[in-house]
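Form predicted alone, single chain, as structure tokens, below.
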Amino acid sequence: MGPYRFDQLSPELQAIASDNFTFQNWAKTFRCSPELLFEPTTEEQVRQVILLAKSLNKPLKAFGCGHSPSDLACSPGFMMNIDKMNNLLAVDTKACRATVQAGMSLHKLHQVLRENGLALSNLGSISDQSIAGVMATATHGTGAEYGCLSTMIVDLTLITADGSILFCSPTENTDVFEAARCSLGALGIITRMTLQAEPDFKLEAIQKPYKFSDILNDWDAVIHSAQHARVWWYPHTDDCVVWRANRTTKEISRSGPSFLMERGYGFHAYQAMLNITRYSTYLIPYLTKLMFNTLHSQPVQVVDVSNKVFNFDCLFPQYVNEWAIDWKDAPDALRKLDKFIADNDLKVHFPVEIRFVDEDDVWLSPAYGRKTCYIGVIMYRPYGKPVPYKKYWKGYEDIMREYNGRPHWAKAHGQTRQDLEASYPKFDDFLRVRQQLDPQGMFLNDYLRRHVISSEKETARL
């Protein structure tokens, strides 16, 4: 069957459809051109698109802002964006819970929660994503006693491949709920969620420079040195910074580099210098030391509302890779990574970002069943231009595998189904639920077949 044309759609679906759309992720590393894009505003419209895809045997994938640095959202068939389904549906200020449409962005969620005296307990680095997107991949922040964002889900509504609308919670459609808390978009379209929040709060964050070797030798104390702790290591050096954030009632304030210094030098000048190092890679260690000395060698203190402290500027397009291991193993793994970089004379970018997440029971969460350290590596693409990264990635992933590492689902990685089955005790349970809900594979795509569904050993895309 050939492509389905826009003019073949019913007038109702034409009103929410486009036929000349190309999806490209934020990092500009993956793109696709689906036959049709749908932007529904109601659950009934979502159902109608699903039923059309089913009748035509077309694949269907939902996507949000496109921040996943992988092809997880791509589809050659139909694509759906539910950003227009972004309303607050109910709020219980006493229980600190809010029910929202799943297309709402985190930016808007912060706003509507704050209007009701609430806030999320933890966040990742950015808030551009939709709620559905961050939950689909068990997105995380940092904090030894705080789980990934998927642990905040109280209940959800899922529309499945046959058009059924399922309300799922710990007591209703229980297995579907457990699988859907980190669904990878493989179970259907999630249209609403109830989230557990807490009373609105401010954070005081203090970032200080340290020697990385000292931090590795005092690991457990660093993990528990604040409610939220994060380490940035600067490869080719023994430099790092530790960012620590705690709830506070202090007035909003800031000390540290000026906005002009952070934006003018830390973004524009840095990108220009990174571009030069594309032709002279031997300069990268010197640039790393320069940036540390200029921007990060002095303490920084910030007090602000929680989301503004949790979030920061991710700068420009990049290749990224991030895996989760048991946090007790992280110092050894990081020492091995340092040795691998030196032994292979690699020239890599800073930072190696290190974050901590409490164990959880979300079936496909990388933090399932263990206290977790996420270790993220990065290679920036100045002005969107390519840089070498595959040798670095392979060495990094090999080290992570030594410690039963689990990759971040949103990011490109090299694990196969067999690898993931060995890492996740509930992997087969997830596949069972997926098969029950979508036996024809409507919500599958290349990423899911490569990493999750395939039973053959194959080389996964890097």
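Just so we're clear, the structure is a prediction, and the values are computed from it rather than from any experiment. The first residue of the shown sequence is 1; numbering continues from there.
Below: the form predicted in complex with a small molecule, not depicted.
- Among heavy atoms of residue 40, none comes within 4.5 Å of the small molecule in the model of the complex.
- Under a 4.5 angstroms non-hydrogen atom cutoff, the small molecule in the model of the complex has residue 408 among its neighbouring residues.
- With a 4.5 Å cutoff on heavy atoms, residue 34 does not count as touching the small molecule in the model of the complex; it lies far away.
- The small molecule is not shown here, and in the model of the complex it never comes within 4.5 Å of any heavy atom of residue 349.
- Partner contacts here mean any heavy atom within 4.5 Å of the small molecule in the model of the complex, and among 195-203, 258-266, 127-135, 170-178 they occur only in 127-135.
- Exactly one listed residue, out of 66, 59, 414, 395, brings a non-hydrogen atom to within 4.5 Å of the small molecule in the model of the complex: 66.
- Think of it this way: in the model of the complex, the small molecule has a heavy atom of just one of 325, 284, 241, 189 within 4.5 Å, and the residue is 189.
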